[in-house]
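Next up: a single chain in structure tokens, the form predicted on its own.
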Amino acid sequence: MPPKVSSMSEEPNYKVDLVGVFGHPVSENPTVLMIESAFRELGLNWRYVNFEVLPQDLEAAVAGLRAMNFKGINLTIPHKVEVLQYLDEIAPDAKLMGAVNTVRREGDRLIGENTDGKGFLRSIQEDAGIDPAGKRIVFLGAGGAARAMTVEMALAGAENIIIVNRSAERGESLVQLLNDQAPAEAQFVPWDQTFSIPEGTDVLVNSTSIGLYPNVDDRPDVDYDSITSSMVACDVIPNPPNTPFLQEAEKRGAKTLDGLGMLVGQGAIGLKMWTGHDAPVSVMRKALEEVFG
């Protein structure tokens, strides 16, 4: 469906509304394909652009998006934390995470949001049919993705969250955040040997980059025979979607959830924030599946 410029009865309007992503590097960021497929499906005269922004230029880039009346922007590495100081307001959950990946415009104000965890929450609820409330969840990794996802899981009512990480400092910091400021009980487990999934675990999440292209044969160091058919195994890796981690979990009878769901989910939430339109998620996922095979 082509973008709607104007009808014969309307005044001509050739303005394109702009959104995009600030990052370094951004040349391989596939979000543009997903979002622009949604714009075409909705008939919106909007464009999503990957902007290469060096760390020292972030303040100027934010000033530029204000001046040029961008409708919003995504932030990726290395700008998710640094951008906080240049915004007018930070959403409470993003403030708790200490990172912003989406900025939306509200009049002249720029509001910082974090849709990473929301995308995962949406995917686990809608794609896997799981309500996190009362669940026991194990996260492999304690980086930015884990920080966003664990906060959202805690806010959604998860009963217990275990953080498994090689860096004790980062793992213990995340556990302290969850125990001090979120309604969930959290524990840290050092990842200094093959990790065995505790009995009673409902959801197991690989929130590391292990298995991401081009290292497609890598898998997290866990005892895969400790995964049971009563568990849901999730991976944040979108490329390739069917990672060795998920393949091993599926062999043990676990239900699996790939990283495309989270990527589409956070994109759909951001698109709704910017445009006010419900996202065509099936179209967005198809665009990514064509890229990642």
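Residue numbers here begin at 1 and follow the sequence given. Predicted, not measured: the structure shown is a model, and the values here were computed from it.
Another form exists, predicted in complex with a small molecule; not displayed. Remarks below refer to it.
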Practice task
Find out whether any non-hydrogen atom of residue 167 is located within 4.5 angstroms of the small molecule in the predicted complex, and reply yes or no.
Solution key: yes
Practice task
May I ask you to check whether residue 121 falls inside a 4.5 Å heavy atom distance of the small molecule in the predicted complex?
Solution key: no
Practice task
Look up in the predicted complex whether residue 138 has a non-hydrogen atom within 4.5 angstroms of the small molecule, and give yes or no.
Solution key: no
Practice task
Look up in the predicted complex whether residue 102 has a non-hydrogen atom within 4.5 angstroms of the small molecule, and give yes or no.
Solution key: no
Problem - the small molecule in the predicted complex: contacted by all of 27, 48 and 113, heavy atom 4.5 Å - result: no
Handout entry: Proximity to the small molecule in the predicted complex, single hit among 145, 186, 83, 222 (heavy atom within 4.5 Å)
Key = 145
Problem - Answer option from 91, 210, 177, 156, heavy atom within 4.5 Å of the small molecule in the predicted complex - result: 210
Exercise for the section: Spot the stretch among 51-59, 241-249, 66-74, 258-266 with residues whose non-hydrogen atoms come within 4.5 Å of the small molecule in the predicted complex. Expected result: 258-266
